[in-house]
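Below: one protein chain in two forms, given as structure tokens, structure 1 then structure 2.
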Structure 1
Amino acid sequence: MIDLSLTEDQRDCLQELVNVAMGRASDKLARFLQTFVHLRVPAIELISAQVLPQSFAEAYADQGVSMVSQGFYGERGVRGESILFYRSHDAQGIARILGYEPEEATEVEQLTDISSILTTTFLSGLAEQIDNHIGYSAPRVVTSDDTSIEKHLQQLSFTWELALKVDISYQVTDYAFHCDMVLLIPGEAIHSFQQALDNILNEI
């Protein structure tokens, strides 16, 4: 049986790769908005996919939340799901952030646009560092309905027994805007990431 837990060196290496990738994503967003994007240290953990809905409920209890979920896939078994969570008051301010006129774009279009900036830049930066190429599924937007969001997370857990979970936070100070990115790597793909991390460590 393959050991899906990360060694200390693998975890440190992944932490650094994530730092670089989210730095690129935040820099692109900062340049687009001409402001500063604050980042927190990402959290990395191996979890049972069954607890995802419960984890969501605990993190966003009593808050209206919108979600943009997008699958990604690469070479050599690399794949996963990128999920961006927006609290209601942040989602309502996206039009101003992106410079849209009133009624110019729907809420779904706004969420898709800003998520594209963060998701594709982050994953492209991560893929480049592990010498891989990433493709994407169409984004799925679920707005202001906790039941639908939990159902989506439950559907993920049906096929993923274990997942490597990476929590990332972006905060745009000038716009009082904040969103959370959750990167989920299913158990069968974790081994592919372990091999990529080992290749990098062996070159050091």
Structure 2
Amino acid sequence: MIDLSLTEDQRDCLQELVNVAMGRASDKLARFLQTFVHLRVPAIELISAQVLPQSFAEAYADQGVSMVSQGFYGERGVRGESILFYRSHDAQGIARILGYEPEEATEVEQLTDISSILTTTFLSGLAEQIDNHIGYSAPRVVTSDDTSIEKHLQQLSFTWELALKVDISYQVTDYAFHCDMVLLIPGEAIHSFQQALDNILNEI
């Protein structure tokens, strides 16, 4: 049995890493989108993947939701899957943020593109800090409006043990845009994360 819990020091350290990663991500995004990107300090939460389906099904019960998944794999056993959740009204008009012409990309393509950008910029920022290098698989829309989110998450929770929930809230000039990001991480990879956190803590 792997101890999934983090010590208080490890948790603080992780929050700091996430803050820095987010800062770097929004910095890069602002350059790419050539606009001001406002980013709230992300709240992180470590939860067992088993409770994820229920908590998210409740949070998104009232409306349609789209989920985009992207796998990642790094050195020393760091790997997992990133899931981004968009409410229907947030999924519209992403073309504007990306600078595409409206007819140029379908809504699904816009969703996978923005998801890939958010996931890879954030995770690369995280990886740099723990001296790791991460590769990615192509993003996929795993569910759209009419499929049950709970069903999808239940299938995922068989594969993964721990979920790092990061609430991202992006605001791009006059266009408010929000999505939730969840990193699903298997047990042995959490070990790698804990190890990386301890290494940083020991250096201080």
Partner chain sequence: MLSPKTYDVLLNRLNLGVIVVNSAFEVEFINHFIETQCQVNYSDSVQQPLFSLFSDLPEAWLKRKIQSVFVLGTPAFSNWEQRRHVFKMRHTRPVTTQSDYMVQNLSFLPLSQNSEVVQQVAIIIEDVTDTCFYQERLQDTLKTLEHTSQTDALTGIANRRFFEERFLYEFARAKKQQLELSLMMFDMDRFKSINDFYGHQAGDYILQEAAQLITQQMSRLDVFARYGGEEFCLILPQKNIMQAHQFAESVRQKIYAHDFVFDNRRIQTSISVGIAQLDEDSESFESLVTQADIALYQSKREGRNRTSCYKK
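Rigid core here is just the name for the largest C-alpha set that superposes within 1.5 Å across the two forms. Counting starts at 1 and follows the sequence of structure 1. Keep in mind it's a predicted model, so treat the numbers as computed, not measured.
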Seminar exercise, completed: Mapping for form predicted alone resolves to structure 1
Exercise. Comparing between structures 1 and 2 on the rigid core: C-alpha of residue 100 shifted by 2 Å or more?
Worked result: yes
Problem set entry | residue 36 C-alpha moves between structures 1 and 2 by 2 Å or more, core aligned | yes
Problem set entry | residue 70 C-alpha moves between structures 1 and 2 by 2 Å or more, core aligned | no
Exercise. What's the distance in angstrom the Cα of residue 46 travels between structures 1 and 2, core superposed?
Worked result: 4.1
Exercise. Can you give the C-alpha shift of residue 26 between structures 1 and 2 in Å, rounded to one decimal, after superposing the rigid core?
Worked result: 2.8
